[in-house]
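Consider the single chain below, provided in structure tokens and representing the form predicted on its own.
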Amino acid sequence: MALTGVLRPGHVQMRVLDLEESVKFYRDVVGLVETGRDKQGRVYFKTWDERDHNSFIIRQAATAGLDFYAFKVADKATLDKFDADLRAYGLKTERIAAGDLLETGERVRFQIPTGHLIELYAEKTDVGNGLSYLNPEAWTGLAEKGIAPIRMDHILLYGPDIDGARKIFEDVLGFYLVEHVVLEDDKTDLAIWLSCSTKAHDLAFVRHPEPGKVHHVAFQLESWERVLRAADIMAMNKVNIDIGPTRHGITRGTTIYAFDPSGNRFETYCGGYASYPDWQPIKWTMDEVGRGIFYHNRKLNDTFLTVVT
């Protein structure tokens, strides 16, 4: 399982309606670091504390939403093995040549039953975080620019066959179930939270009739105080906040949900417990789902339930 196979979430590519407006938003308000632009017009970012060249990529399009989401794996041999395992499982895979994304090695792309494109890759250029690899300081000035998350942390995807998606991630890629919400029949999952590490989740799904939708991309902050600071920065910049600051019952993380200028929802997230693959998954029932999602006010708001891109 984790750290010998899939290491962590690696990068996400999102569509935006106005590229330069979005660049300014993610650079100046969210506080991401722009690391490059390519011939296709894509703009690349990373968080200040990430070492790989990019984790968040945007391109201009007529509609907002998700292009693909990727996980970094341990090495080239692991990438080849996962490619073979996915094909043996019955999935069609596509090999995308190194360099198609800036500073990124060969990728293996496949579509999961929720309609989303998932990628695996093993290589991405280490550009550092501005701190020395020998006797470093604690942080750089970029840690105070905008909201300044420390990593692109996870994604919540909406689509129809979350059971089929779960099986791929568990049976082929070594993820495990951490928490889930069951419908009134006490058998069917409405939502699942999966981990490839010791985090409370690296990936989550909600059952939804339309395929290929994204609810949010999450950026991790270091503390509850940084979440509150993020709320202040959002208010100062008139960012459209969906809900928060508040706490989740599920994962126990603290959170704010807000929208970028194109209507893509993002989360600034902190905390969450450590999990391990031998733990029994936590189950939530529909009568307590409000408390599970938003622990303080114990109910779901309309936009959180209905707005996806």
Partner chain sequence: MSNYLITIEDSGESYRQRGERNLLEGMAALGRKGIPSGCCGGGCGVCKVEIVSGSYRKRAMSRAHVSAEDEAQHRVLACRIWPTSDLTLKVLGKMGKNLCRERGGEASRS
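Treat the numbers as computed from the prediction; the structure is a model and nothing was measured. Numbering follows the first chain given and starts at 1.
The next section is about a form of this same protein that is not shown, the form predicted together with the partner chain.
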### Task
Determine which one of 248-256, 273-281, 35-43, 56-64 lies within 4.5 Å of the partner chain in the model of the complex, judging by heavy atom distances; exactly one does.
56-64
### Among the candidates Leu17, Leu300, Met286, Val23, the residue which, in the model of the complex, approaches the partner chain to within 4.5 Å (heavy atoms)
Leu17
### Task
Evaluate Val307 for contact with the partner chain in the model of the complex, applying a 4.5 angstroms cut-off between non-hydrogen atoms, and reply yes or no.
yes
### Message
Residue-level question: is Ser262 within 4.5 Å of the partner chain in the model of the complex, judged on heavy atoms?
### Response
yes
### Query
Relative to the partner chain in the model of the complex, which residues of 204-240 have a heavy atom no more than 4.5 Å away?
Asn240
